[in-house]
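Here we start with a single chain on its own, the form predicted alone, put down as structure tokens.
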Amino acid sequence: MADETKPASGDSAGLSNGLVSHGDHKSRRVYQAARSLHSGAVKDLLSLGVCERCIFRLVSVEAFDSDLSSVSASTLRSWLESGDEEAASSEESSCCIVCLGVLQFVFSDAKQTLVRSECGSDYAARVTDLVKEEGHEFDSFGLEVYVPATILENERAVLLYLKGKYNSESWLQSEKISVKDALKVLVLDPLKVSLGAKSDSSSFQIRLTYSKASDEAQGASETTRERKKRKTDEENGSTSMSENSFEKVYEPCILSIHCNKMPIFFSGRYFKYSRNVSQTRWIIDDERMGEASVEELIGGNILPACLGDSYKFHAAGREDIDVRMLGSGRPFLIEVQNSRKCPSQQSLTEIEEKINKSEKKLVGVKDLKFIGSQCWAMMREGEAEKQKQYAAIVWIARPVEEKDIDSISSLKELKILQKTPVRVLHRRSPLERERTIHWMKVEKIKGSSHYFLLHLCTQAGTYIKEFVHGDLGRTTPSMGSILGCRAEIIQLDVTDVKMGDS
């Protein structure tokens, strides 16, 4: 080349062999792009230890091209240095001072083994093998890339150097694609082929996380003095590229691959037949409260079928551990994180039968099915409108009279005020809430003059136990104040939970 300060000619005539003279269209395009780069800047960056693909990122005026992934680093270097493929050095390139090996398809794996790939398709094949080990079922994927801050800092130092030396060049004014976005350009198409899946804003994400090799592995690290000197050079606009201009890196990054699927949801209604089963796992001072929990008995059966990492249990309200959930059951959701498969409806039916036929009959399930993520909003909307029905055995301090039954049954849409109950004050704010008792009905219990069965329908959020005994005057009116005597609740069952229009 006659003048190193001028861009080299894009004419490929004169090359007697190699990919360009007899190669495919992609290789020819990459070759022509390489020959169009500013030769002086290319030479400077190569001497600094910047890799071939980073040079294309930083010097080219054209968009970063995925075709670069199909050409090996040694071929790219030969085209950048002399245009003659046969002139390529047989030595492997050292770790790039900017991308730390990311765009060279070089990394250390979890076992600290150095892994090199010649091109994007080889790299994609390695990633595919690791993804398939996770066992996920998917037909589309999204790709996320994370790189260490050192890459950004070193790139800033290199660009500062280029601006000081080639400030008037038009290619320097264009926006530069980041290392992580460049990697996506290079490997996305090969990944789609090797995974047999399309790429979109999928619920399934493949995350490539590059982290800087440890200081011990590198054998050296940037000192505080060197770091300060490098930052001072940047602030002062220094154009010299000294050993302190960028953080020293001697080994490629460590790559870890993590696959994650957005949560999937299952809905249904549960029944709780035991007065010794909590809704969720309840541990106090390392001691379990109750025999089991609804959460574990249902979620523990669904999770293995999904091959997920974990699950969360959500319900439309809750009942105390000593309260049974009967009638039509309480609506619930099971949210499974990072599921590797979605069980069929037949599998869900089998899970439902397994729970319902369990020997101890602690809980039951119905209408178990897969449902979209919009179910969460639907449950919240329905919960605000829901009504709940109960059946309670009540004791009063005097015999029940016919007028008591008539008095209670005649009350409709009764408004009550409830302060936060004493029993939950330690975990809930001290507030006063207005609630509605929609209707009540009384049944006598044969042979028990002081006991009766109270059926009632209330607004969501009503404390039934406190409505019966008054909670030291914190709920008014109460069953005790209505009857003019002491009243206590003996047993309580939830018999229906109505969500919205249900």
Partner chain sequence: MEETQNIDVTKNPEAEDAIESTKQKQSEEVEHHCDEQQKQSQEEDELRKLLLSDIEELPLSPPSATQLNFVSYFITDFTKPGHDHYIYRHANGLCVIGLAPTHRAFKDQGGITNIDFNVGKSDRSVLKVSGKRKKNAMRSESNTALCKVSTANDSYIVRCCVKGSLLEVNERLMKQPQLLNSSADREGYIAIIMPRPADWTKNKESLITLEEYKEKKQDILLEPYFSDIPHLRRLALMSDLSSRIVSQIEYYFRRIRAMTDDIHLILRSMGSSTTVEVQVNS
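Residue numbers count along the first chain shown, from 1. Superpose the two forms; the largest set of C-alphas matching within 1.5 Å is the rigid core. Keep in mind the model is a prediction, meaning the values are calculated, not measured.
Unshown form predicted together with the partner chain; subsequent notes refer to it.
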Among 254 to 262, 104 to 112, 156 to 164, 428 to 436, the region lying within 4.5 Å of the partner chain in the model of the complex by heavy atom distance: 428 to 436
Selected contact from 414, 393, 130, 297, since only one has a non-hydrogen atom within 4.5 angstroms of the partner chain in the model of the complex: 393
Sole residue of 135, 304, 196, 399 within 4.5 Å of the partner chain in the model of the complex, by heavy atom: 399
Partner proximity in the model of the complex: residue 47 to the partner chain, non-hydrogen atom cutoff 4.5 Å: no
In the model of the complex, residue 62 touching the partner chain (heavy atom, 4.5 Å): no
Distance check, residue 25 to the partner chain in the model of the complex, heavy atom within 4.5 Å: no
Heavy atom of residue 422 within 4.5 Å of the partner chain in the model of the complex: yes
Within 427 to 462, the residues that have a heavy atom no more than 4.5 Å from the partner chain in the model of the complex: 427, 428, 429, 430, 443, 445, 448, 450, 451, 453, 455
Residue 64 C-alpha shift between this form and the one not shown of 2 Å or more, rigid core reference: no
Residue 398 C-alpha moves between this form and the one not shown by 2 Å or more, core aligned: yes
Residue 420 C-alpha relocation of at least 2 Å between this form and the one not shown, rigid core basis: yes
